[in-house]
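First, one chain by itself: the form predicted on its own, in structure tokens.
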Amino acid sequence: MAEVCQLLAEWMVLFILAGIPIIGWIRGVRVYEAFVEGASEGFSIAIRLMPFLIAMLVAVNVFRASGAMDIVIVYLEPCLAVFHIPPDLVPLALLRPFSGTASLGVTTDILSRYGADSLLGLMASTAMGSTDTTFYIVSVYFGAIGIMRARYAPFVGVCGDIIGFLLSVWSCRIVFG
């Protein structure tokens, strides 16, 4: 069964890469010109997003390098004990709403230290898949289309991240613990 799925996945990529231009050509779309126009628009959007990306990455790195992360973990340990949350997951929970790269780095560190099949590794992997980069999304996507007031989007996103993180820890404890 695994071989069939692998074969289908390999052929699916080929069908998508070849099929989209062919369907466009059949429908009378000037495929190359549309591709070049889209690439041009993508480049201009990337240039407009640079200040938002740089600000977000600098803020995350300053937070980690300043030692503020370690101070936060020390103060949160009593609350973490009540919910049975390992302190090693706190950097992941705090960084995930801001930066996918930083949270991936934390997850990779957890996996290399404790192993991918450890309870902590499973919790970190599940939390990565159950949460999102809320502030990154708000700053980049809202900035790309010119929205300056995000209103309730950050609050709702952070609530979803908290719930996703807590349920990740809880479900891994139940299933794998």
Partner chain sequence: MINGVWLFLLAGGIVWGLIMGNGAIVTQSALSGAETAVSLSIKLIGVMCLWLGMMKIAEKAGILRMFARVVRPLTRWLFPSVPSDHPAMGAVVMTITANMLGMGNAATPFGMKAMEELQSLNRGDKERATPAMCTFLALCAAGFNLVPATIIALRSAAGSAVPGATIGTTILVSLMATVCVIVIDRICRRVFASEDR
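Treat the numbers as computed from the prediction; the structure is a model and nothing was measured. Throughout, rigid core stands for the largest set of C-alpha atoms superposing within 1.5 Å between the two forms. Residue numbers count along the first chain shown, from 1.
Only in words, not in the display: the form predicted in complex with the partner chain, which the text now covers.
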| item | value |
| --- | --- |
| Heavy atom of Val74 within 4.5 Å of the partner chain in the predicted bound form | no |
| Contact of Leu104 with the partner chain in the predicted bound form (heavy atom, 4.5 Å) | yes |
| Neighbours of the partner chain in the predicted bound form among 27 to 53 [non-hydrogen atom within 4.5 angstroms] | Arg27, Val29, Val31, Ala34, Phe35, Glu37, Gly38, Ala39, Glu41, Gly42, Phe43, Ile45, Ala46, Ile47, Arg48, Leu49, Met50, Leu53 |
| Cα displacement of Gly19 between the shown form and the other one reaching 2 Å, rigid core superposed | yes |
